[in-house]
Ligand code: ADP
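Taking the form predicted on its own, here's one chain by itself in structure tokens.
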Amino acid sequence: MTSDKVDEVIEKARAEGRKKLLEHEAYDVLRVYDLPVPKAGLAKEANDAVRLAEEIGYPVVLKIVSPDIVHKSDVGGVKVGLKTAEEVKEGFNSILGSVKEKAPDARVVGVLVQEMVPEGLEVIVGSTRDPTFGPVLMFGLGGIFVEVLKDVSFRIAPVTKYDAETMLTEIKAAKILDGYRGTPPRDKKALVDIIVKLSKFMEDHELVTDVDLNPIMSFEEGKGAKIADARVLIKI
């Protein structure tokens, strides 16, 4: 996929009256910018899900893909830690059965089969398009740091490598990234890379209003980072 293909995905969603890219679409467009999204694919049938799981490698996560379902877990639309073909097949059928019962009117596109991202320090990178300033980038640690303490830093795009490095130092909990009380230092270069690439993505695609990469698992220094979930909103 190229940058032009990204625009095609966005235009297809707009033509369908959607303000949000489906999860596999979000991963596809972010992958164009070499952002570290998980290996994933869309399955329409149980056998497709098994084939994708074998290609991706176990364990995997299954998630319902529907433009009408916001909170997947509330309708039984998520299965995690599946380790065998049998578990994937059962999980696939269980998700579709549960969604049919709890959200009977929801349009179902399929089931996302995704690699299970290893645990790491949870961080968040996001962007919103301000009507005056254009794309604004945000960085923060996950969980209580962002939800309760609002411990985040901001920059207006374009964000340089130096800008992104400075963003990492501006949050109150910055020491955690350097290693704290026996926890290892995190791969800051990988986080800087994500911020800079997301800035470029927002600059290139004016129809994108918001991107939320949450959580990103930040691994030990030298081991990178991986996006575990992504949300991309667009103008219609």
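All residue numbers are counted from 1 along the displayed sequence. Computed from a predicted model, the values in this text were never measured in an experiment. Basically, rigid core = biggest C-alpha set you can superpose within 1.5 Å across the two forms.
What comes next is about the form predicted together with the ligand, which is not displayed.
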Heavy atom within 4.5 Å of the ligand in the predicted bound form, from candidates V192, L52, V61, A26, belongs to V61
Answer key: of V78, I156, L96, A85, within 4.5 Å of the ligand in the predicted bound form (heavy atoms) is V78
May I ask you to state whether K72 is within 4.5 Å of the ligand in the predicted bound form, using heavy atom distances? yes
So in the predicted bound form, does M116 come within 4.5 Å of the ligand, heavy atom to heavy atom?
-> yes
**Asked** According to a 4.5 angstroms non-hydrogen atom cut-off, is D7 in contact with the ligand in the predicted bound form?
**Response** no
**Prompt:** Wondering, does E122 line up within 4.5 Å of the ligand in the predicted bound form on heavy atoms?
**Reply:** yes
| message | Suppose contact means a heavy atom within 4.5 Å; in the predicted bound form, does that hold for all of N214, M217 and A228 with the ligand? | response | yes
Testing 164-172, 41-49, 199-207, 64-72 against the ligand in the predicted bound form with a 4.5 Å heavy atom criterion leaves exactly one stretch, namely 64-72
Any CA movement of 2 Å or more for D130 between the shown form and the other one, core superposed?
-> no
V78: with the rigid core matched between the shown form and the other one, does its Cα shift 2 Å or more? yes
